[in-house]
Ligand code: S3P
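Shown next as structure tokens: one chain only, the form predicted alone.
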Amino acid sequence: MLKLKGSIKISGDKSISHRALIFASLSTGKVKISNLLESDDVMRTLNILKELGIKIIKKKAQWIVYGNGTGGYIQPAQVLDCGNSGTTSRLMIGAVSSNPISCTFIGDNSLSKRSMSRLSVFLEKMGAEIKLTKKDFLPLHIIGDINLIPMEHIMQKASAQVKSAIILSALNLRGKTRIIEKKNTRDHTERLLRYLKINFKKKILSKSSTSIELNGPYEIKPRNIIVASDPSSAAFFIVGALIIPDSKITLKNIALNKSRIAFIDVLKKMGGKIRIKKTKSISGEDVGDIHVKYSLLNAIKIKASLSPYLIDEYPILSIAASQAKGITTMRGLSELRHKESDRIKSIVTNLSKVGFKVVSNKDDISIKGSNKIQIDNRKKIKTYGDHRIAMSFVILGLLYKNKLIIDDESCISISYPDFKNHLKKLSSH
């Protein structure tokens, strides 16, 4: 049987790549970005910035962005196409809102079903004019305004994208913007703000609640950015090494942001042999190496309170659960219904098809693990165009000598174009 061995450097982090490009575009000069993830999603952000008058060129392995300042976007000549990227749409809508231009944002079929009103309500309160399709969806038309009203925003619903969009809007406003998060979310945007020496105040209000205060307008001095490697992409190989006998791998230069590696704690609780060695800090993010060995996993209960930190990793965690002894329960997954696919349905349908006992009850999933399941004939896995479902079942398929046929592997390039190459590198020895 195939096993995973050796070490690789994973591609750049998707969340940080989007933000690096946008912040570079808002700075007052030339910024070099290294290890940028060149996935479909990130290229959508890059191309929209070009439409908004930002010069971006590639030299060897680096991307060079010539920033135009915080109010420096110009009127685009055409609609801004976000493809499948929720991060592109929400962050860029926030970024253009305080520029005196009008823009129309569109997306693909899947993105056009994802809610945009959870962001537009905040921008409209500040004075931006926004027209949504059916009051919630793309295409979205926005008329930005340099005189939006800086104010206090209370975010009841956790969303790092909405928080980041409001921050990007506030950078060009004269006065104080305060964002109160009732539930903490990932903090890549704040880390970049710190690294770029953009002054803001962050206060801890309670164990799960924070306030961020910005006082604009800002002049952002150009500073080169190195993108740390993506922990969510690393998750596929980590689980692969845990469930495939005799595997032993090292993943290098991974972002070790606390808000991004909760899945590692979950896998350790299941009995996963995972060792993390922090090596340095790059562009505001802690990075390090992750060592993983094949392990016998046990089922656990994953609490609903962890869901904001595991949102992208549930598909691959469900693969780990399928090989663990006992019944793993994942609770409070409602947000999974609003991702690239209804991920609850995608996980349940595909694992059941392979022969696992999986039950979903409202927003919870229970998976009975078994390493005894044999597959006689080929099974077709339906990805629903969701890159994380596709990669998760490619990893499960390694246990079944290619008996799992993925209906659409092309969607993998949305977040991880090098996935197959990296998998090949770890499995050819």
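Please read all numbers here as calculations on a predicted model, not as lab measurements. Quick note: we count residues from 1 along the sequence shown, nothing fancier.
The same protein has a further form, the form predicted in complex with ligand S3P, not shown here; the description that follows concerns it.
*Asks:* I'd like to know whether Q161 contacts ligand S3P in the model of the complex, with contact meaning heavy atoms within 4.5 angstroms.
*Replies:* Heavy-atom contact with ligand S3P at 4.5 Å: present for Q161.
*Asks:* State yes or no: in the model of the complex, is some non-hydrogen atom of K339 no more than 4.5 angstroms from a non-hydrogen atom of ligand S3P?
*Replies:* It does: once ligand S3P is placed as it appears in the model of the complex, K339 has a heavy atom within 4.5 Å of it.
*Asks:* With the cut-off set at 4.5 Å between non-hydrogen atoms, does R186 touch ligand S3P in the model of the complex?
*Replies:* Contact with ligand S3P, yes.
*Asks:* Taking 4.5 angstroms as the cut-off for heavy atoms, does I311 touch ligand S3P in the model of the complex?
*Replies:* Yes, contact at 4.5 Å.
*Asks:* Determine which one of 268 to 276, 283 to 291, 246 to 254, 153 to 161 lies within 4.5 Å of ligand S3P in the model of the complex, judging by heavy atom distances; exactly one does.
*Replies:* Of the stretches listed, the one contacting the partner is 153 to 161.
*Asks:* Please identify the residue among N172, T177, T87, N84 with any heavy atom within 4.5 Å of ligand S3P in the model of the complex.
*Replies:* None of the others qualify; the residue that does is T87.
*Asks:* Who in 1 to 25 is close to ligand S3P in the model of the complex, meaning a heavy atom within 4.5 Å?
*Replies:* Residues within 4.5 Å: K14, S15, R19.
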